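Presented below, as structure tokens, is a lone chain in the form predicted on its own.
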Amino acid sequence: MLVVLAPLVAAPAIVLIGRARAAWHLALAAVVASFAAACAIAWKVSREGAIDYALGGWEAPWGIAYHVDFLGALVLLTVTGIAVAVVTYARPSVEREIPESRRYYFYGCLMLCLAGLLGMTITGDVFNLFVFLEISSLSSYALIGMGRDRRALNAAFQYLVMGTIGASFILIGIGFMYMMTGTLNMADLAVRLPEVADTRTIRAGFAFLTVGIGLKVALFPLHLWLPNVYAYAPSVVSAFLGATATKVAVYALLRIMLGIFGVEFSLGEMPLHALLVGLGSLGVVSASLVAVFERNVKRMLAYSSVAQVGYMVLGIGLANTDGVTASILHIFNHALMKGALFLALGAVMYRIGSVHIRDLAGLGRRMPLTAAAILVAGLSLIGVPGTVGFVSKWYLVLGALESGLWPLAALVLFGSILALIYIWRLVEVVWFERPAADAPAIDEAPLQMLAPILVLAFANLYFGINTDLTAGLAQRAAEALLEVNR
């Protein structure tokens, strides 16, 4: 329970304290405790297998169960690790971008958002999945709108409308499943659903869940809320949501479609295979093409995230071990890439007050460590060998070839070429152009901000070379998911 309880208890405590500095210290203590619990859980799962815990001693399916398997352990590590990096980094950035009267509310909402994401990951009950989804979503809307940029309010409202539609669809789908099975426990649903899978109620519920989760994942063409959210939210929020929110939604897609409905129903009897492969491919190409022409770097990375979600759902749609392994692995790897990139842009925003590409000219001379982190994370986003991005795309190509779909392997290569184009535009401006004559002299961001950036940039290289932990957990998780109801 500690992995969810620490941020959940910290949120109201932070608001009651009412002081920004004390709020930051309490938030940092909560995320460190949560990360330590996630590490302990992952260690136990890797050695002993899945963990089940009945809250209050009420056994499933009557009570609420927590369930952590290889997939859940990897996602818990991802979200809590990013949270430690973001909260460590946050104080100077928040002091610059958030009005003083809102700062402790900001940290309280950040803890609620984290608790919601972790609750979605660890719960074994579909209605609790919905509850935690709403906790994370409602706090996200507030976080996005707290900055000084008034455009963030419009982005938050657009996200609220789209998020509410998605949540409603998910709740309707859960209601249809409960109507036909009488249970909300995920393991129990996986047993009972095959008996009623041919009914129109279950098929309709499956359709509602697909659309609802597709909105939360930002699956093309349901992604229109995402670019403005990432572009205009405060730097800390862009980094946290960019590295975690859509990844947990992909986890929910895996858990519901493969873990509950099973691969034969979801990707065989129902047309989810064609849907995910088709929309994933369109997302990779269209979002990457838009990113090539973007001038706001945060907005460019937002469209890049839509393309990366395309890779994840493409892997799921392949319905083989290598494809699903690629999707699960990319949850972790993409969090490292986007965490490093958005935190680095937050440091740039802290020093020069802009993330427009023309204002980053000569940044390599003025902020060399931050620019180096942008370069490393950018290479990882392209998929250069030796980085985490290459590992994910390698498994995805293997999955495409295993299914005999060589055009999809070519699509992955084409997507990497498009990523090379927009990342090279950024690298060229940062490293090879001279700053404007009237550009002020600046230094690196404070060490408190710089250290998490460099740690995440180093992680992009370390886990790109040493893949035993991440690829091992992802492959075991994929094998377990593909065996459900088969």
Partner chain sequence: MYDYLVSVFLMMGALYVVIAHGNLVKKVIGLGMFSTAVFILYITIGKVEGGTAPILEEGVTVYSNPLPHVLILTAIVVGVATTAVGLSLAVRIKAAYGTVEEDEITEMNLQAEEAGQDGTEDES
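Positions refer to the first chain, counted from 1. Nothing here was measured: the structure is a model prediction, and the numbers come from that model.
Just so you know, the form predicted together with its partner chain exists too; it's not on screen, but the next bit is about it.
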| item | value |
| --- | --- |
| Heavy atom within 4.5 Å of its partner chain in the model of the complex - residue from L401, M179, V196, V191 | M179 |
| The unique member of L375, L138, L369, A187 whose heavy atoms fall within 4.5 Å of its partner chain in the model of the complex | L138 |
| Full three-residue contact with its partner chain in the model of the complex, heavy atom 4.5 Å, for W24, L28 and E264 | no |
| Contact segment among 276-284, 381-389, 336-344, 352-360, judged by heavy atoms lying within 4.5 Å of its partner chain in the model of the complex | 352-360 |
| Interface membership of W394, its partner chain in the model of the complex, 4.5 Å heavy atom rule | no |
| 4.5 Å heavy atom contact, R148 and its partner chain in the model of the complex | yes |
| Non-hydrogen atom contact I256 with its partner chain in the model of the complex at 4.5 angstroms | no |
| Distance check, F157 to its partner chain in the model of the complex, heavy atom within 4.5 Å | yes |
| In the model of the complex: members of 310-332 within 4.5 Å of its partner chain, any heavy atom | none |
